[in-house]
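This document starts with one chain, in the form predicted alone, laid out as structure tokens.
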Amino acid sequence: MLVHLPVLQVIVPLMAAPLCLILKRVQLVWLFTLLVSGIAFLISVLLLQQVMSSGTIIYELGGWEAPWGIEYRIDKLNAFLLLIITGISTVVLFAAQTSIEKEISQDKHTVFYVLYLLSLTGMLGIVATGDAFNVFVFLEISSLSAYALIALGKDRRALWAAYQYLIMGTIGATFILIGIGLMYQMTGTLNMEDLSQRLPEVAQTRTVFTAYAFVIVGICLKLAMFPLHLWLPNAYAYAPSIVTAFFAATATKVAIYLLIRFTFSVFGLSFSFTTLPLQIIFMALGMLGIFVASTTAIYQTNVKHLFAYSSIAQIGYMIVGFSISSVAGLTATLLHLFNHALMKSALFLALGAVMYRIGSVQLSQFQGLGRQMPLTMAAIVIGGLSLIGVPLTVGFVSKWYLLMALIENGWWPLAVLVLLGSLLAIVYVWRIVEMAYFKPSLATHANVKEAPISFLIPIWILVFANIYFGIDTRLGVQVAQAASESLFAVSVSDITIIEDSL
């Protein structure tokens, strides 16, 4: 069974999704979904351990060797992503049953879990597959289920948000598909490893330049990089809280994975950053994203909108690290990818608890909640401190490594700008703190109580993770650094090939 872990990672949630329709009681469906996500998390842990000790795993489906057959290729980079996606999914699901009681109609609860598992399947498939066309297929599975999950929100604006995301997401997916088609036209292969060996021979052709442009623009639409971020704020604000907590921690991270994978593993670093002036473009857009999105967040009156714009700013930090095109810069990006998933899942889950108790996440409704919901608001404060980058939180670790990467390259002015961008986070986090702790409670909230234990347990698991991994940085730093080094210099000798003998 252990040799089939790469394909089980995807097959388990995929097969489980339709089985949810067989279970009649919603509580059983929730427990079943939680169990499936937990199994996927266990598989990702085993895969990461195996990759860190033995090197890259190649799983050939049906025993057909690539490029004739499809392969799942698990290296340090995607093993790290699999751990993040499944870990966040499992923790978030603990609060799902309670959260959706008030945010999704009773008759749609089972449909929610089916769509959730399909979205999880899509993300895991994108990360695990070594085939470019399979990336598109799994991207569509993930995206279509994401549109439906967002539309499940009771607020009618959720439909508009889902439609916005549908249009932008379809444009992004179409761009990616056109780029993959052009690559296939020039090389005759869809296997990403094979593409990396054949593309250099035709790298200076207009077709390859066009293919790269289409793929990168499509991915940047999916990851909501400034200025292609317009779909994200409403999608996060009006989706059910559980959906927002899951997507904010995983969906954009998968898109960043694709950006890294195609840039480093498929097209190659020299083509991406030497032949094309992408370093300057990404650096400029990353910095603009930090300042524009952080400034916009300051003026938001809906706290979900506030943290949605904060996510766009945090994506900017990841893009800046990516654009440095060094081991230290990529390490900072991967580390922030992991740490930001912990921050935002904790924050949006806590907002889900607020939504459950008062039915709103408008900033004006947070008055006095620090006294009425002390544990929930404390979680939001700690998550906010992590966003700012206060020492002993994961946010500090990420930004420290990003600053070191910039200074290592001699880019002191950019390091100063990163610090200034972090100061903007203080402003919008303080607005929440001021409202919750320094304003009197609203008369309409006189009977508001602390969030249910089903919310508090997953929220505080994530909050403690924010603190623990901010103190003990071994897991995040070691895996991120190992993944970065392997992308800059892949060793052919540490590849383990597994054939599917089923």
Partner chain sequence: MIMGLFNDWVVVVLMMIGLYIIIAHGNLIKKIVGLTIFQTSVFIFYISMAKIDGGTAPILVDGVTQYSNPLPHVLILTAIVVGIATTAVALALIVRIKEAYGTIEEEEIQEQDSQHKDSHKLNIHNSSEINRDKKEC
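Only a predicted model underlies this, so the values are computations on that prediction, with no experimental measurement involved. Residue numbers count along the first chain shown, from 1.
One more form of this protein, predicted together with the partner chain, exists but is not displayed; see below.
Contact annotation: of the candidates V418, L258, L182, I216, the single residue with a non-hydrogen atom within 4.5 angstroms of the partner chain in the predicted bound form is L182. Among C220, V208, L118, L166, the residue placing a heavy atom within 4.5 Å of the partner chain in the predicted bound form is L166.
The partner is not drawn, yet in the predicted bound form one stretch among 327-335, 407-415, 128-136, 247-255 has residues with heavy atoms inside 4.5 Å of the partner chain: 128-136. Not displayed here, the partner chain is kept clear of R198 by more than 4.5 Å at the level of heavy atoms in the predicted bound form. Among heavy atoms of R371, none comes within 4.5 Å of the partner chain in the predicted bound form. Remark: T98 does not count among the residues lining the partner chain in the predicted bound form, judged by a heavy atom distance of 4.5 Å or less. Remark: G87 does not count among the residues lining the partner chain in the predicted bound form, judged by a heavy atom distance of 4.5 Å or less.
Of all the residues from 425-453, none has a non-hydrogen atom no more than 4.5 Å from the partner chain in the predicted bound form.
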